[in-house]
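One chain follows as structure tokens, the form predicted on its own.
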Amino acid sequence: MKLGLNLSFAVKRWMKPDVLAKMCAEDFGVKHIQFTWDLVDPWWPEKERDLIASSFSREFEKAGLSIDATFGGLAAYSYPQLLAPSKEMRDISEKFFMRAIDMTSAMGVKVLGTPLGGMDYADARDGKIREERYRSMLDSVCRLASYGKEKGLQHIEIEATPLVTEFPHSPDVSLKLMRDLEGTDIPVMLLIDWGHALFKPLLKDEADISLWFEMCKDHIGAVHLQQTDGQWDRHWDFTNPGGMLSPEFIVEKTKQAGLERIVQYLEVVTIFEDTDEHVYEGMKKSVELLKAAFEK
């Protein structure tokens, strides 16, 4: 099984590429890295943005690590993006994702992942508008796949989220989305997050990772790991005593689904007021626990 690390834990803490690369390589010992746009904003001026972003890929390569993908972080997720209320907002979002593709390409990275956006509360509950937003989003993703091909991307990964105002949010909607996006210029795949997939208040009986894996396994490009209680999207590290997941359970369910080849990136999102020391120790211990189970 393959363990990776999303750099979300480093946001507002470890922002120097050489320091962060050394930490991931020597302290955590994780080979697969998913870069977050929270460290470099795709909207920054192109020349300076690409120099800064490339410094991360260069330092990580020097440290013997692979940045497998870039991923939309917390800042990008807060905006409505491709499901926004107005066409002007959706057009801006498409340009934003094109800039993220540009940045990913400049880093020499071949995969881009992101959630697609969120609808206005009232729009999401209007069947006609909901369908219009869905169709508009499909068109945008197709164009982004074409643009990604021009820029040398291998595929795009769409994250399933735990909100009914977003696409996709459930196993069946995820599978429908993948089928509706068949034939794009580069493959569009799913990114499944353990915490999102087990979010009981929304999914109820569908809050079952075995169901997600069974229905979607042919389309999964990557997985996010987090410790969760199934009641909120926690993104805890694996030292939190309130969590419901054990590394052994993760390994068991992954092997049952035949998904050992898929990289699972630990994605920890901390409160900004926490100390760097506490975050570091939680990350180090979490990686140790997960590696012990993954490498058995």
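Just count from 1 along the sequence shown to find any residue number. Please read all numbers here as calculations on a predicted model, not as lab measurements.
A second form of this protein, the form predicted in complex with another copy of the chain, is not displayed here; the remarks below concern that form.
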Can you work out whether another copy of the chain is within 4.5 angstroms of a heavy atom in all three of 11, 89 and 272 in the model of the complex?
-> yes
Would you point out which of 118 to 126, 150 to 158, 208 to 216, 180 to 188 contains residues with a non-hydrogen atom within 4.5 Å of another copy of the chain in the model of the complex?
-> 118 to 126
Out of 65, 40, 266, 250, which one falls within 4.5 Å of another copy of the chain in the model of the complex, going by heavy atoms?
-> 40
Please check if residue 108 has a heavy atom lying within 4.5 Å of any heavy atom of another copy of the chain in the model of the complex.
-> no
Report yes if any heavy atom of residue 97 sits within 4.5 Å of a heavy atom of another copy of the chain in the model of the complex; otherwise report no.
-> no
Is residue 193 one of the residues lying within 4.5 Å of another copy of the chain in the model of the complex, judged by heavy atom distances?
-> no
Would you check, heavy atoms only and a 4.5 Å threshold, whether residue 241 touches another copy of the chain in the model of the complex?
-> no
Going through 226 to 263 from first to last, which residues have a non-hydrogen atom within 4.5 Å of another copy of the chain in the model of the complex?
-> 232, 233
